[in-house]
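Shown next are two forms of a single protein chain, provided one at a time as structure tokens under the names structure 1 and structure 2.
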Structure 1
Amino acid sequence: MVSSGPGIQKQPLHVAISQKLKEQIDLGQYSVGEQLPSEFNLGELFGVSRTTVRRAIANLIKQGIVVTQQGKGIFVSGRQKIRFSLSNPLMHFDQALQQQGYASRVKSLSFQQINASTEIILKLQLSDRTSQVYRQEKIIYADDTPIALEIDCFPAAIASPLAEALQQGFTYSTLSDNNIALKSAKVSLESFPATYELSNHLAAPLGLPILVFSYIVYGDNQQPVVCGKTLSRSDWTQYVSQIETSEAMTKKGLPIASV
């Protein structure tokens, strides 16, 4: 049997079991890659039902501590987060992955010309007459593991001549390599739980926190060249930045724009 222990604040059984298992893993009683007892056996070990064991395991999965494989078992997952920079230079995912020792590649899910929504028209500053844009969805891999889904929209003038390259490579690098300047960007970072569809794309559990990096990137003359977002597994990714404050601004504050 398992209890929440003396002096500890009252907490659900499945939380106590999560912590117990986490401790055992941290102490090395189960090492990286090793298989844990089956859900049924864990239930016997802790004296709880399989349902409760499953809730405990779900907690650990969402923390990235273990992974499950249907038909095989539960395994300890050792992993470090991949860091992406928000400072200069603008987010080159492939560079960041390479620097940190991962093989990187993309798989294009779709690439097609569509009618721009009003939101896209606004973001890309399109005139109404040229409201055709290219929309792309692709998966970003690090060492054969899908870590992010990227969704981009390009003005037709940008994407049309680069259709081939954009489907095979990373967005920013492809644009840079084809002499399209990336001067500035408005970006935002937020998080939401993985939907069912996204959890399939990223081989992630439903509800896993997903980091959303949204951006509008501007080229010469403040002209938007791409807008979109990168949805990445929060257990694999982290964004870092260096901030310099200018004296004048710190006093009065600035309006905060949306992206």
Structure 2
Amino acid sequence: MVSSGPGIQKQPLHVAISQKLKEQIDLGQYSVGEQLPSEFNLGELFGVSRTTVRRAIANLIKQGIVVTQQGKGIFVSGRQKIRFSLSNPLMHFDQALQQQGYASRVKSLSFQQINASTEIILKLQLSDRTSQVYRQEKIIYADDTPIALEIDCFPAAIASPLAEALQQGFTYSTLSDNNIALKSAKVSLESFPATYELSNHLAAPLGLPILVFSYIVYGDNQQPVVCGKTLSRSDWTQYVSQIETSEAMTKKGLPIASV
């Protein structure tokens, strides 16, 4: 049976069941490639209908945690998360996907000119307080799975001549291909639970942890060329970094950053 504690009562039963199964998989009760109990047996175990079980399994499939094999059953997936480097924040998103064996594409949701907020004016170092910027939202796909929502703001001088290209391609690659230098970046990483809107955009369970990678990218003369954030599914993506001591970096002739 599914626990009826305060946290469980606030969410649909199929969500509670999928979370319970995910916990069991994370704890090693079911290993990679192992078959889960049948829908009938899961229904008996949790005391729910097969319809509820199917919805719970669908949640796990969307997260990439399990896969179904026709006529055989439900199995724990062996898929590895897609890795993005914090050590190289200017790594092109599409290149990282391709290097890890995924076909990459984007779907533009919106691209419009808007009045810049005070926050965006400061981030893009705009001199005119009445400046307009271009704001874009796009979905990033790995194969056919939506894994991230990207939200960017560009100075009008950069985005206006590249409007069509930015809507069709990945941001960093589009800028680089059009001779806009990407020299450095200021980044941060945080997370929050998936909202209804994000859940719909990314086909992710409501409440799934979303990784928020925020950035300001600078070009020549330390002028910002884009600021924004990439909101990615934590069940599909992870951010990694290689940490070395100052002594090791000195031996390799690498610069040591100071704060």
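Not measured: the values here are computed from a predicted model. Numbering runs along the sequence of structure 1, starting at 1. Rigid core here is just the name for the largest C-alpha set that superposes within 1.5 Å across the two forms.
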Lone-chain pair; form predicted in complex with the DNA identified as structure 1
C-alpha of residue 75 moved at least 2 Å between the two structures on rigid core:
yes
Quick one: once the rigid core is lined up, does residue 220 have its C-alpha move by 2 Å or more between the two structures?
no
How far, in degrees, does the smaller rigid part swing between the two structures?
60
Where the rigid core has been superposed, how far does the Cα of residue 44 end up moving between the two structures, given in Å?
2.4
